[in-house]
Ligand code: 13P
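Next comes just one chain, in structure tokens: the form predicted on its own.
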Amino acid sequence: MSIRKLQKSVINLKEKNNVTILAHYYQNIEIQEIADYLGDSLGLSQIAHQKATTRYIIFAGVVFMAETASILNQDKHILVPERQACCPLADFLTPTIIKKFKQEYPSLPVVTYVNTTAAAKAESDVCCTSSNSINIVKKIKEEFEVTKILFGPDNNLAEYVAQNSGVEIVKIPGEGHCYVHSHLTLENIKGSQAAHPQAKVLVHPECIKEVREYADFVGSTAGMYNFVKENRDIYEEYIIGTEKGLLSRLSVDFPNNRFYLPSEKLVCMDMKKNELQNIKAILKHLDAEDYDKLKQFEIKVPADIAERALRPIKKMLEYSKKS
């Protein structure tokens, strides 16, 4: 079956069974095209909570994202096309590691990146995203009246936050990184810029320090998208230093601009485990009311963990409103 026919079949089943499909910007373009909503991880979870009225939600991303959606939507069924689509960055930080650091630094608050498991969030004082991390760290420092905080799991983001907040950070666990963003080198950027000297360089804060300091803009996935949206008539070309799925989205939405990937290594193989066929399989089980088969796709955070993990998420949202 061709991609277009498969997409049409998915859309028909989605509409027939009243299902909402969420897709992260890093998904393959054929999945992005059939989604009801696109966005970054926390944004999609908030959409699931605020806009999705359907009982069933298919989340095309990685498992920690579906967990966050489950935390915010305990009354809904969050389904993933592929349960093996995990995030190695999130797996760096376990509840056991957090508890160990809390014992060593009992007076320091714990800030966890949203790219963590539900169980890790449950051991945190507040969560943050790549876009609000600097502000969140400043706020938690003031509330706890401390000079430093515990932050994990991404080392590069921790370094970026420390540089821009003036807050001393203890990295937990100390070696956490995104295998996609950390592979991007300054040589990759300069090589791409040599071929496209007029292009603006946009990179993610999970990139290494040398790359961040060289870039014209450092921001989250959504931040990079919005930078292009706001400047598309000013700058024609962009070098996109994040997972290639965003470049695909930008190329579709802004056809008058040109976008370049500085390295072919900017591919999240875990994100790419999600496939249209899997989404169709979920929808066919729904269509047949075969709910036992659906359980293999469902991500359900236990109520006790969800309740504890919701607190740091709510605190993050409260801090953001006060800014």
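Keep in mind that what you see is a predicted model, and the values were worked out from it rather than measured. A residue's number is simply how far along the shown sequence it sits, counting from 1.
Just so you know, the form predicted in complex with this ligand exists too; it's not on screen, but the next bit is about it.
Student: Quick one: which of 253 to 261, 33 to 41, 52 to 60, 293 to 301 gets within 4.5 Å of this ligand in the model of the complex, going by heavy atoms?
Tutor: Partner-contacting stretch among the options: 33 to 41.
Student: Taking this ligand in the model of the complex as the reference, which of S220, S133, N156, T117 has a non-hydrogen atom within 4.5 Å?
Tutor: None of the others qualify; the residue that does is S220.
Student: By the heavy atom within 4.5 Å rule, which residue out of K139, H181, R212, R249 makes contact with this ligand in the model of the complex?
Tutor: Looking at the other structure, the residue within range turns out to be H181.
Student: Would F151 count as a contact of this ligand in the model of the complex, using a 4.5 angstroms cut-off between non-hydrogen atoms?
Tutor: Contact check for F151: no, nothing within 4.5 Å of this ligand in the model of the complex.
Student: So in the model of the complex, does H24 come within 4.5 Å of this ligand, heavy atom to heavy atom?
Tutor: Yes, H24 lies within 4.5 Å of this ligand in the model of the complex.
Student: Do A69 and this ligand come within 4.5 Å of each other in the model of the complex, heavy atoms counted?
Tutor: Taking the distances in the model of the complex, the answer for A69 is no, it never comes within 4.5 Å of this ligand.
Student: Are any of the heavy atoms in I279 no more than 4.5 Å from a heavy atom of this ligand in the model of the complex?
Tutor: Taking the distances in the model of the complex, the answer for I279 is no, it never comes within 4.5 Å of this ligand.
Student: For the stretch 185 to 206, return the residues whose heavy atoms include at least one within 4.5 Å of this ligand in the model of the complex, in the order they occur.
Tutor: Contacting residues: H204, E206.
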